Each structure stands twice: as structure tokens, then as C-alpha cells.
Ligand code: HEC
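Next up is one chain by itself, shown in C-alpha cells, the form predicted on its own.
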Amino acid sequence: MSTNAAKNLFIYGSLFCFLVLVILTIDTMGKLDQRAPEITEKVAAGKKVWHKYDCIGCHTILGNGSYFAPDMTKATERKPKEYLKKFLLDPRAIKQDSAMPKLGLSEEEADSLIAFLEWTSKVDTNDWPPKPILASATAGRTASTGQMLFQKYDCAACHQIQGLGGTAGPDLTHAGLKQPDVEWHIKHLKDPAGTVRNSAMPNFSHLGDEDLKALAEYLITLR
């Protein structure tokens, strides 16, 4: 290849790559606004609450923050808003060994913060952060109806079994030893707050009797 040909290849190749970069940049910028929902006054107020109480000092959100406490980017996807509000207002009333202190949020501030977290949960993050990998509590066996219901309703978002799952609710590894009564579990699933004081667990009264019994029977197998 002659010197002039090499020179032209370099110049025109560079111009072509620059043009491709510009086109991709314009395309990306045009799609950015579509990746996040509308920012309302409530969401904006929630972001101010997030900063006021320095939540980022312990939690990460959209990749920013500290790793002392759980990532909050998709918090409202796996935690009911009713639970989140009760926990924000008084963490240790919900979970006695919670490392999170009572911050003194007002109910309005808690509602605003949840609105902000709901907004971040709807942001298209290309499936980041990845969902935790949860192992079956009965590995090697065919899953029972109750176990499939446990997985279907994402109970592992709040409860651990054999060290895997969330920590917002009690560890269920030995649930069957602590409470072997199927009827108690059915009652608890229907009305958690009426069965356990200060429970923030959402009720599952919408489930049919057969599903409630299957889920309760699965819980008592955990020993």
C-alpha cells in the first residue's frame, strides 16, 4: 500500500468512526428520557428526604452510595410499601436486631421517600442490580405446592432459609420447630399483624384455602 493510500485510509476511517460515534450518541441521548418515569413533586420531595437523612451513607442506589446496608434501587419491587413505611418509621419495632436506627421521619417524609424509591424501582437499569440467586430449601427433592407458592410470592425477599434470602423478616430455617401448628401458620398468613405484634408482613388473605394450607404445610417442614 502506498503512503497516500495509507494516509487516506487513516483519515477517512477516522471520519467514519467519528460519524458512527455521533450517530450512536444522538440515538442514546434520545432514549435516555424514556428509561425513567416522570419525576413528580412527591418524588422530588422523597429525594430531598433521602439526602436529609444521609441514606446514601449506608445504602446504594443506582450504583452510588455505601455497601453497609442493602441496595435500594429496586426496593419497592420486592418489599410491600406498607412494610417499608412501618420499617422506615421504626426499624427496630419491626426487626429487633435491625442495624438501622430510628431516624425520626414523619409519616409525610416516609411517604415521600417511598415515592422516590418507587420511582427508582421503575428506572430501566438493564436488569441491574441482578436478583439474588436463591437455592431451594429442599434441594434434591421435587418442589411441593407450598414451596412453589413460597417462590411465586417471593417470600425470600424478606425471609431466609438456610442462609439464603432476605433479612427483613424472621429466619424461617427452623419455622417448623418453632411453630409446628399448621392452623397457626394459616392464621398468621391471613392476618400477620393480628397474630404477631408489630408485624409489618403483608397479609395473604387473598389466597384460597387450599393454597394457604399448602404454604403452611411447607413452613412446618422447615426444621
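Just so you know, these numbers come straight off a predicted model, no measurement behind them. Quick note: we count residues from 1 along the sequence shown, nothing fancier.
Another form exists, predicted together with the ligand; not displayed. Remarks below refer to it.
Only one of the listed residues (183, 41, 54, 27) places a non-hydrogen atom within 4.5 angstroms of the ligand in the predicted bound form, and that residue is 54. Residue 119 falls outside the set of residues with a heavy atom inside 4.5 Å of the ligand in the predicted bound form. Taking the partner from elsewhere, residue 125 is found to have every heavy atom lying beyond 4.5 Å of the ligand in the predicted bound form. The shortest heavy atom separation between residue 164 and the ligand in the predicted bound form exceeds 4.5 Å. Though the partner is left out of this view, residue 103 does reach within 4.5 Å of the ligand in the predicted bound form, counting heavy atoms only. Residues of 192 to 219 lying near the ligand in the predicted bound form, listed in sequence order, are 192, 196, 199, 200, 201, 202, 204, 215, 219, the criterion being any heavy atom within 4.5 Å.
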